[in-house]
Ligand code: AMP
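Here we start with a single chain on its own, the form predicted alone, put down as structure tokens.
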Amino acid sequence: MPSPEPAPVSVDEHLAHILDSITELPAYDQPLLETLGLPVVADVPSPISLPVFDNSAMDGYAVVFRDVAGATPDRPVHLPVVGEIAAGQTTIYAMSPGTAVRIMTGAPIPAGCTAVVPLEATDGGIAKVLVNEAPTEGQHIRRAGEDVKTGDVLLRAGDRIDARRAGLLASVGIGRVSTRPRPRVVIMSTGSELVEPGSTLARDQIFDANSYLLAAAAKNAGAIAYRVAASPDDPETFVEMLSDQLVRADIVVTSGGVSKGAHDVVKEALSSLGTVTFREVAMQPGKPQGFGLVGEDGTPIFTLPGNPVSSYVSFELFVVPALRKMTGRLPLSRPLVRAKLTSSVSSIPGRRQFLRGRFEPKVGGSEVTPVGGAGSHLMNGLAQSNALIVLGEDVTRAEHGTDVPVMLLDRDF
């Protein structure tokens, strides 16, 4: 008598099993622009002050404040112009009372200068200048270190580098920073019926959408994606292709071939290894799941179901948190927000349901509209969605107007 099949595990149990096996990638110094989206692994102190030197905030004239303190349009002050300082000029001037130096934005302030008169408050003179509006003392002088002082911590460990932070690091001369690298993700579809987009379909063939879908999802998650041509339904060929790809993989993701059919090649090929666990997860879509370690280096492999919606939802729930753990990004999973349903939905008891939805933030309460049908093969509904409506294992129906948890798919976190 055959032994009963094990009960499905929960989504949380399967994710915990995965994350227990995932380790952070080793950090190393990388070029600044290669680190966008990645968190730094240690505090980053500034090697210099910013500004490095006192400089002008305006095009105008460097003056001694007391010389022009009483200037008005009716009683302008005339000063001889004794020089000019441009940004990047290496000669540093010193100026005397009773004179002016023409100065450009960003140029170093000459010794003795106590204010900068903007060009529009003068007649723009070259040999001599007429000042018709008095500045305040210290006006338009950017002081050295007023923004950043040497030793100030610019980024704390775990802070993620974005465009603004990259600009800050570059402004103090930091061109490389220590982060964990982007994970390399190899994407493999399986199925003899799969052909490349752009090919001509035979009667019993379909285009390989999953590998493009998952490769794009991996890139969106900050990884480097390598998409591999689909493997036919032959275990030996699949193992051979997989072995060839492990040299460039931090993670392998397959789709298809993990259910109970006669041609579920992934399950057949990997079951004998003893390092990949295939199980049913109490969720819809995406019930059949597999995860384990393969190859000499113990590369994590995710075997996802073949229906595209199931595959994508599985990637968001299980692969994305693993990728984020590899790079040290928190939180690991997408946070949930709340929204009101615009129409009623139903669910299967005992499974966590992830329904495609269109989320709209609104004043007074966000809304989410179910899109597409329930079928896990319906790509158009997936493409129209920007969120997943999450119904718990004990929920069988949620009525119009019900406040439900929603996972936003297009929002960075």
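Note that residue numbering follows the sequence shown and begins at 1. Keep in mind that what you see is a predicted model, and the values were worked out from it rather than measured.
Omitted from view is the form predicted in complex with adenosine monophosphate, to which the following refers.
Contact check for F278: no non-hydrogen atom falls within 4.5 Å of adenosine monophosphate in the predicted bound form. For N210, a non-hydrogen atom is located within 4.5 Å of adenosine monophosphate in the predicted bound form, even though that partner is not displayed. When adenosine monophosphate is considered in the predicted bound form, T303 lies well away from it, no heavy atom lying within 4.5 Å. The shortest heavy atom separation between G286 and adenosine monophosphate in the predicted bound form exceeds 4.5 Å. You can rule out all but one of 165-173, 114-122, 188-196, 75-83: in the predicted bound form, only 188-196 has residues with a heavy atom within 4.5 Å of adenosine monophosphate.
A heavy atom within 4.5 Å of adenosine monophosphate in the predicted bound form is found for one listed residue only; from V247, A87, A94, I206, this is I206. For the options S259, T105, S178, Q139, the residue carrying a heavy atom within 4.5 angstroms of adenosine monophosphate in the predicted bound form is S259. Annotation for 288-316: interface residues with adenosine monophosphate in the predicted bound form are G306, N307, P308 [heavy atom within 4.5 Å].
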